[in-house]
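In the form predicted on its own, a lone chain appears below as structure tokens.
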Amino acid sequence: MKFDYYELLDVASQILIACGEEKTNAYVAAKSMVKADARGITTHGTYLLTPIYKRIQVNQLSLPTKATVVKDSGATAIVDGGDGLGAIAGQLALEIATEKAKTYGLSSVLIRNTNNVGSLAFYTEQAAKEGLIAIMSCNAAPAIAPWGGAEAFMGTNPVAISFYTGKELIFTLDMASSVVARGKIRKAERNREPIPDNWALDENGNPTTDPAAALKGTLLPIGGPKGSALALAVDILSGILPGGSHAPNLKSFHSPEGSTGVGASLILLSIERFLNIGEYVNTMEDYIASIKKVKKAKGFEEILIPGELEYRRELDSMKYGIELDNDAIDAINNLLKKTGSGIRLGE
């Protein structure tokens, strides 16, 4: 079933407010989730409302979120997320980093002591629309073994890089360090579906198609030792450097095991400090056109730039509605009931 963007945004905001979040913060967090759903990234969408609610019930999430700046020096800063909603710490870091990048030409703002920040593109694309190049990463609970190991140690630790193009479509790389995001394996488990045998190992170090066994084991890094190295590097930058938690001490956001300790890093560069913005936009336009003119491989009708598929999905969702499956609708309606709301999706 499909739902209007603003209807879903309002419902998600209401649930977060009922959980104890402040109204403005609730809107920011809800916007992050609904945008992910609109782009087809449901693992970072309104699905996250359920683990948020569960954490609130056992006092393992601090609402309203009180993200604060604990260190500020020139082009750098550190934000403490106060063990609240990750989207609030992420948005605060973005706003600080954007102002600093415009002042100094570049900036770096790190985050510690927060929770799941959602899709990193939510932040990097905001910065790109300001004429900046944005690089963001975050660490997560153990899910990948160091290359050669068979025990989960570091997280799937995603990285996103967004480039301003002069158009609404932003050139965005947004990927996990693993072959697949852990959220997709959780979704396969919920749907009782098998997974490809090159996604994960079971707890004995054997390839598995069982999502439950994969969640007890370890995900495989993208590109073998390369992905393993990337995940470790992200953990250092997003965990150790801001003085926060790092592998293997982080906890999963999806089960109430304790404070997750998630950290993140955000680096912004002002394009105009390196190249005239008009010249940059013209060059990017030619560059993208050249990419799309490359001879197509068998089975491909078009070459898309990074982020273009998600951008098209979002446009379609804004026009025709955001698609949610029955389980997602039931989960949201269950939360609406538990939080005392009289409204229901699809009724």
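Just count from 1 along the sequence shown to find any residue number. Since the structure is predicted, the reported quantities are computational estimates derived from the model, not experimental observations.
Omitted from view is the form predicted together with a further copy of the same chain, to which the following refers.
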Only one of L215, I96, I161, A141 gets a heavy atom within 4.5 Å of a further copy of the same chain in the predicted bound form. Which one? I161
Taking a further copy of the same chain in the predicted bound form as the reference, which of G166, P256, G243, G183 has a non-hydrogen atom within 4.5 Å? G243
Can you say which of 234-242, 87-95, 120-128, 186-194 gets within 4.5 Å of a further copy of the same chain in the predicted bound form, counting heavy atoms only? 234-242
is_contact(F300, a further copy of the same chain) in the predicted bound form, heavy atom dist at most 4.5 Å: yes
Does A176 reach a further copy of the same chain in the predicted bound form, with heavy atoms at most 4.5 Å apart? yes
Partner proximity in the predicted bound form: S252 to a further copy of the same chain, non-hydrogen atom cutoff 4.5 Å: no
Taking heavy atoms and a 4.5 Å cut-off, does F171 contact a further copy of the same chain in the predicted bound form? yes
So which residues in 86-102, when you check a further copy of the same chain in the predicted bound form, have a heavy atom no farther than 4.5 Å from it? none
